[in-house]
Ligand SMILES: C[S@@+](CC[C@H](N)C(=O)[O-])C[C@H]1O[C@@H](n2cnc3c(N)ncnc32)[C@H](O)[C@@H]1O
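Let's start with one chain on its own, the form predicted alone, as C-alpha cells.
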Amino acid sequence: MSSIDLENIKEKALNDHVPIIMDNTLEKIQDYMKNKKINKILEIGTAVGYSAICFTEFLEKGGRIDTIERNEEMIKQAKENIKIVSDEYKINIYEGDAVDILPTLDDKYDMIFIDAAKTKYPFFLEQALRLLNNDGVIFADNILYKGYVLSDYNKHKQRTAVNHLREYIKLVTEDPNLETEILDIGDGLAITKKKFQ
C-alpha cells in the first residue's frame, strides 16, 4: 500500500468535504485490529473507500471487506481509489442502500464499521448484531455528532439524526447482552461487543 497515494486520497476527500474517518478514530480501530485476527469486515458507508483501504493493512491473509454505498459518485471514486492503492486485497462494494442490502446478507463478520446515515443507526445496529461473530466488535462512528447527542440540543435541523443516535446509545448501553464503550475521540466512537453467555 502506498502511503503517498493514501495521503492523496485523504487530502482530496477533505478538500471535497467528503466525510472520512478522523485520524484518532482510525488509530483506535487499527490498534484493535493489530491485536485480533480479522478475516472479514463489514463497512456500512464506503464514501471514497478511504477507511476500507486503511483497514486492509490489518486484515489476515486472504481476508475480505464488504462495504456498502448508495451514492453513485462515491462508488465511482471508491473503485478508482481501491484500484490505485489496494488491489491486492479484496474490497467488495455492494452498490445500493444499506437498508435494502443488509437484510440480504448472511455472512458472519469479525468487525463491523458503521458510518452512514445517522437516522438509520438503530436499524444498522439490529442488522450488525445479526451478522457479527460472537467475539466480533461493532464500531459506530460519529456517535456524539458534534457534541449534540449528549447535550440538550433540540433544534429542528438535526433533531431526527440526534434522536436516532441517542436511541443507538440507549440500545447498546442498556442491553444486558452487550458491552459498550463510548469514546470522545473524533466525532465520538461507540465500541460494542457481545458478552459471552
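All residue numbers are counted from 1 along the displayed sequence. In this text the structure is predicted, and so the values were computed from the model without any measurement.
Quick note: we don't show the form predicted in complex with this ligand, though the next part is all about it.
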| task | Would you confirm whether the three residues Gly136, Leu189 and Thr192 all fall within 4.5 Å of this ligand in the predicted bound form, going by non-hydrogen atoms? | result | no
| request: Please pick, from Ile93, Val85, Met74, Leu125, the one residue with any non-hydrogen atom lying within 4.5 angstroms of this ligand in the predicted bound form. | output: Met74
| Can you pick the one in Ala161, Ile169, Ile38, Ile68 that has a heavy atom within 4.5 Å of this ligand in the predicted bound form? | Ile68
| Partner proximity in the predicted bound form: Asp115 to this ligand, non-hydrogen atom cutoff 4.5 Å | yes
| query | Is the gap between Glu80 and this ligand in the predicted bound form 4.5 Å or less for some heavy atom pair? | reply | no
| message | Please determine whether Thr56 contacts this ligand in the predicted bound form, using a 4.5 Å cut-off between heavy atoms. | response | no
| Looking at the partner-bound form in the predicted bound form, is Ala47 within 4.5 Å of this ligand by any heavy atom? | yes
| remark: Only one of 144-152, 39-47, 56-64, 125-133 sits within 4.5 Å of this ligand in the predicted bound form by heavy atom distance, namely 39-47
